[in-house]
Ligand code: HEC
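Have a look below at one chain only, the form predicted alone, in structure tokens format.
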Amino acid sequence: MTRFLLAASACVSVMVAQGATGQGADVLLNCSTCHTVGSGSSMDAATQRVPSPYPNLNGQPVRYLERQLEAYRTGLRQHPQMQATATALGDGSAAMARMYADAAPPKLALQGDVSAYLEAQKLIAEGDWSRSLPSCASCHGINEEDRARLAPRLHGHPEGYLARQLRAYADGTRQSDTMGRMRSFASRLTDAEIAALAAYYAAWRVEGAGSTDENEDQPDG
């Protein structure tokens, strides 16, 4: 694993696009500054920074990560720092995506009172077919076998990040979804449902991890 990380770092370090201005290449390409890479078994809760202001990319599907970096490069997703980083990575995006996909995902458990998330759990488990809303769990899971899917793990992501992404899908400013499915689904959710879903997924945490301030401008993965 160590050799792979070093190889990935060397691969991307020589592929800095000249258009990525405003920040040094060392900052743009040091993805782990925001998106922690590490083993879920060897790192304690504080070191894993879960919850964190930034989405956790460890163990996410490699094809999803590659597609999102491409979306930032082409403008299908909007975030100044991530767009500059994706541009700087260039052909090194595949190595970076693989590094995160191969990292052990965080060990998460639902914190708090389960009954506080009944509305979200119903949408996740059953959907609402009267509005042509399939269950969230039909695409987004948390188990190891879910890494073969194209859809990312949502459990453990920051609440504010999740809410922003659902709203971005709903209003069409995020267009990185295959065949527009997430844009279609999110546009049918109410503001209260978006808030409920974001709160539920964010409630999956590494036990003992403290809360963090999500009010800063966060690089979105």
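In this text, residue numbers run from 1 along the sequence as written. Remember, predicted model here, so these are calculated numbers, not experimental data.
The form predicted in complex with heme C exists for this protein as well; it is not shown, and the discussion that follows is about that form.
- In the predicted bound form, at least one heavy atom of L189 sits within 4.5 Å of a heavy atom of heme C.
- In the predicted bound form, heme C lies within 4.5 Å of some heavy atom of S138.
- M82 belongs to the set of residues with a heavy atom inside 4.5 Å of heme C in the predicted bound form.
- Heme C in the predicted bound form comes within 4.5 Å of no heavy atom belonging to S52.
- Contact here is defined as any heavy atom lying within 4.5 Å of heme C in the predicted bound form, and by that definition each of L69, A151 and S176 is a contact residue.
- Residues of 157 to 190 that come within 4.5 Å of heme C in the predicted bound form, judged by any heavy atom, are H157, Y161, L162, R164, Q165, L166, Y169, R174, S176, D177, R181, M182, F185, L189 in sequence order.
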